[in-house]
Each structure stands twice: as structure tokens, then as C-alpha cells.
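Before any questions on binding or motion, here is one chain by itself as C-alpha cells, the form predicted alone.
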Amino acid sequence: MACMHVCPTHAIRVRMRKATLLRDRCIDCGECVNACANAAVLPQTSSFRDFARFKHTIAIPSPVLYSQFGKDVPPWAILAALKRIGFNDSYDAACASESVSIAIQEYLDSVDSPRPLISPFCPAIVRLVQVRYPNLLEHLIPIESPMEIAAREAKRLAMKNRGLRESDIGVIYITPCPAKALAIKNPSRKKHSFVDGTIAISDIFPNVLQALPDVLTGETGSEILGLGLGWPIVGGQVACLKAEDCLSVGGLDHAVRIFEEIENGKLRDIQYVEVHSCPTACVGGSLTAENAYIARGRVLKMVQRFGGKPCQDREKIRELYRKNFFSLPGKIPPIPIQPLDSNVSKALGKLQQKQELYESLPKINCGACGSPTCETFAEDVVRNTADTDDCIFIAMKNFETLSANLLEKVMAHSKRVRVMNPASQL
């Protein structure tokens, strides 16, 4: 039941020793992947076989990949190693992150919209807002992600320089978490992604590690520069903005607290909130290979070494911003949890039943019933997906009552037998 207990939205149930998922509550955060000791939860990523249909493949690594190797391995070497292991080309996303940071600041300075604005670059956070905080959807800043910007530019350059059609080009994102993979399949604001698939960092790590010695001894490359290298850690986005007007938050518990404060009308003096579902941001994703804190230290060293010089011309990015190069005009729809009943009056009646049952429960959230909390158990009973006897405390109380009644009946029958047959008393 480890996965059930760590799920932040109570989307997992365990019935008959099997875990099931309530899809309308899942935010694809990957906490269950981390918690499962038996690797029974598998992320939906791709493999090299899935990209055989493309004439030209381009790897776009999350900047997290740069933090997975030793301190003497520069980002350019990792991009070169990706080409050695089978990709036709590789493209950096850290520089795209810096351009997105400039676009965010331009939006904050020029657009009058509800404050604070919320970063939409962690798909699990976007899903959390859709499921639990639909009133905050308009706070998600409508700026394209660095992953999508990099994929779009990589395809454009391949078509221009190689004469390829877009359908011939496969862009593969090297991802630190399963949420990115699902966001690519189902983008929140648009019909399709510029990314054609994902491969987990943990899956590709051994191949890159094996290729690096040859790269480092036989090649040279252009350094990857800019503050975009810091995006994989908490505060990486804010470091590129006017930090005094911003917040950085890591972890779903803290995200929930911030969202509730925003809903209650607080934090209006804050312009922008950078939010990550993982406590250590993307370096702590469930599909990474390195310890999150070691990776964070490497990111800080990379920023110190390469972040001082920008990789983007700020005026050029501002011009692109004015041409809506970074804009996402579509709206993000809410994903409401299924009501207790489609009939309003019946739903209200079931809500009352749920509350009455909840009040009779021990409220210790032990999970032995197969529901994560006593409140979710009461809801499951009302939805007819669980029985009241599934609660061990109710079952024991019913057994005690049944035993007492049975004993009382036995005693009554014994007394009757003695009255009818005095010889039985001898």
C-alpha cells in the first residue's frame, strides 16, 4: 500500500490486494513510482524502437541530464554523447529556458492579469490546479515551455538545413519524470506537442556514461551558457527574474499551501510563483539516475561556471515575444472530480450519508480498508466501491455486537432448556 499512502490527491485504492487508479484524480506526479519497492508502477515513456519511423532523430535532454554525471563533464560533451549512442542530432534546452525567462519577465511587466501568476512548466502542478484549484487556472502564465520552444526550433533548423519534412523528424525529450511524457501526449493548451516521444534519464544514462570517455578525449564543443542551466532546481526560474517579487516552491505539500493562500486572496504583492511538484524540483524526478542533492550541487556549480554570460540576446527575445513567439493562447480546462451522483438531490443525499459515516469512523487514516483516509473510505462506501465492513474497526465492533447477541441467545436457550428439563441441571 506504499503507493496509496504517498499519493497526494488520493487517487489510488487497494482492493483484493491490487492497486487501482482513479484517473480523474491522478496528477501524474510520479510519487507512486518512487514509493513502489517492487517496480510495479511503470512510467509511460518510449524506447528507441518507437522512433524507427523517422528519418532524422533529435535528442533534447532536460537540463537535468547535465547534472547526472561528474563535475568534469561539461554539457556540450553530453550533447555529443547523445549523438554517439544513436541520435542523428541533439539540441540544448537550457538556452531555451533562458529565453522563456525573458519572455516571462516581459509578460509580467506588460500584461495586467490576476496576481500572482503561476509557472505552468511542471505538468503535475498544472494537473493539480485542474483537479483541485480550477479557480486558479487563469493564474497559470500563458507562456510556452522551454521543452516545446527547443523542439520547435530543432525541427525548424532540421527542415531548413537538411531539406526534411516535419513528418520525417522525430524529437525525443530525455525526461526526468513521467509527468512530462504524459503532458506531451495530452498538452493542456494546444492540440499537439512538437515533441514526438520521451526516454527516461535513468534508461539512457548507462549508454551516455559509456560514450563519454571517447567524447571527452576525441572531441571539443561550444560551451552551453546562461542562467537557463539553473532551471532544474528550486529557484532556477526566479533567478532570471526580478526575484524580490517572486516565490519559489518545491513539493506538493508546499504547493497546496501556496495555492490555498492565493485562493484566499493573499500573496497579491507577489508577481510570480515558481512551483515544482518534487521537493528538489526536476533534479528530484522519479526517472533520474543521480541523488537529487548531489545533482543540485552540480547544477549550482554549472551556473557559477557558465551562467554569468547570457546565451540569448535580450532585445532579440523581446522582439520575438512581441511577435507572440512564446504565447499560448488556448485555455486550460478544469478536470472536475466525478460527483457522487449525476442527480443533484441524490448527490446531496449521498453527501449527507458520507458525512454521517465519516463521523462514525476512527479518523486515524490507517489505510487497512484499502482507502487512503477515513474520509475517502466514507466516499467509497457511498459510491458502492467499498463496504462498511472493510473498515477493521467497524468489522470488529460488528463482531463484538454479534458475539454479544449470540452469547445472550445461547444463555437464554440454556435457561429455557433447564426449565424444560430439570434433569439437565444434574
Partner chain sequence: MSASFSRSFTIEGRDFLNAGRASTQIKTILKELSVDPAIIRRVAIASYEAEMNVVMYATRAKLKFTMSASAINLEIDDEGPGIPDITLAMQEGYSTATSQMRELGFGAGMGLPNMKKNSDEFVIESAVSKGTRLTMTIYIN
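Positions refer to the first chain, counted from 1. The shown structure was predicted, so the numbers you read here are calculated from the model rather than taken from an experiment.
Beyond the structure shown, there is the form predicted together with the partner chain, which is absent from this document and is the topic of what follows.
- Looking at the partner chain in the model of the complex, residues Lys55, Gly86 and Ala179 place no heavy atom within 4.5 Å of it.
- This chain is displayed alone, yet in the model of the complex one of Leu320, Leu247, Leu209, Ala347 has a heavy atom within 4.5 Å of the partner chain; that residue is Ala347.
- Proximity to the partner chain in the model of the complex, defined as a heavy atom within 4.5 Å, singles out one entry of Pro279, Pro310, Gly235, Pro134, which is Pro134.
- Of the stretches 220-228, 136-144, 100-108, 322-330, only 136-144 has residues with a heavy atom within 4.5 Å of the partner chain in the model of the complex.
- Within 4.5 Å of some heavy atom of the partner chain in the model of the complex lies at least one heavy atom of Glu379.
- Proximity of Gly265 to the partner chain in the model of the complex falls within the 4.5 Å heavy atom cutoff.
- In the model of the complex, the partner chain sits within 4.5 Å of a heavy atom of Lys354.
- Taking the partner from elsewhere, Asp168 is found to have every heavy atom lying beyond 4.5 Å of the partner chain in the model of the complex.
- Annotation for 276-308: no interface residues with the partner chain in the model of the complex [heavy atom within 4.5 Å].
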